[in-house]
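Only one chain is shown below, in structure tokens, and it's the form predicted on its own.
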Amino acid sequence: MNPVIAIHGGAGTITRKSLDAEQERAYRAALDHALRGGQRILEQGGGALDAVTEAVFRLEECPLFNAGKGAVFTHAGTHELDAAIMDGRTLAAGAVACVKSLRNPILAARRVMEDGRHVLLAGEGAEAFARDAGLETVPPDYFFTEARHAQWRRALAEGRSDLLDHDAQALAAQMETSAETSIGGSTGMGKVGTVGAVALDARGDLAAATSTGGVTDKRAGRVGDSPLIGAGCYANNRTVAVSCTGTGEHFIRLLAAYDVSALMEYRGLPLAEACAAVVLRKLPAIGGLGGLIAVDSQGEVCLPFNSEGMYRGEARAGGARSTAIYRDDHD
């Protein structure tokens, strides 16, 4: 097997005119940094699980993305984070939801999986489990950024709840151009998003991981697709590893990540056709916006989306790393 890793940083209203050159360089550099971490593990003979954990960990540490540092605000003005991880070799999985004090939710999801007693822990129970496991906790203001706070205020002012972070950013940018609706001038905000990684290692094992702060101005206690195995994250050595990003409620209704695997296993569709069926036909049919990243058991990679853009990248062991943002980028 030729090991490979792919990542995403969210999908939504991302156009060339919405990012200036400096912002674009920053996002591409952040994507490359995450790819480099996972790629290095694969090149050293490490496993797919370690590669996706490292890539998502690095994205959680970057305030440009809506996962970990820089997570979006709930309607109550708090932060609630979700994450999941799955091992394609054993079908073991772990997830956490609605956590408020864990610096890196992906590490907590990994510990839940390794503990083996449960798949999904939520809220205070998840946080207590993580503390017992020795994972780092942080005060609520760790997740705060001025850009995300301004984004939340604009969503409140417009009465626009449950916005994808990208679309909330687009709304903010539109409001900044209007003197009548602008709040406090420019915030320097770029586009941010849910993060994820999928990988195939030299042993032929697949893994997937997803992490998010959710959607802007969501109700407290809302859980999207990211921590739900089969909806926003899935891996099976027989077929594919998938991480999703977009309007979570729609991905949940379709079990989007698992549906890609099912189309491959039960209908015999190749990776690209299975991904297209879910992202370009099934999701739009019910109003679903977003995309996914996938790598199959043969090392083929597919990064489809039905939105205007998606932060994404891929790298093979010993090969060059590539990143993309816009629809007309060449992956």
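Just so we're clear, the structure is a prediction, and the values are computed from it rather than from any experiment. We number the residues from 1 along the sequence you see.
Keep in mind the form predicted together with a further copy of the same chain is missing from the figure; the text below concerns it.
When you look in the model of the complex, the only residue of A262, L280, A272, A26 with a non-hydrogen atom within 4.5 Å of a further copy of the same chain is A262. In terms of contact with a further copy of the same chain in the model of the complex, the residue from V138, L135, V119, A202 that brings a heavy atom within 4.5 Å is V119. Taking the partner from the other structure, a further copy of the same chain in the model of the complex has a heavy atom within 4.5 Å of a heavy atom of R253. When a further copy of the same chain is considered in the model of the complex, A157 lies well away from it, no heavy atom lying within 4.5 Å.
With a 4.5 Å cutoff on heavy atoms, R222 counts as touching a further copy of the same chain in the model of the complex. Although the partner is absent here, T78 is not a contact residue: none of its heavy atoms lies within 4.5 angstroms of a further copy of the same chain in the model of the complex.
Exactly one of the stretches 85-93, 103-111, 138-146, 194-202 approaches a further copy of the same chain in the model of the complex with heavy atoms within 4.5 Å, and it is 85-93.
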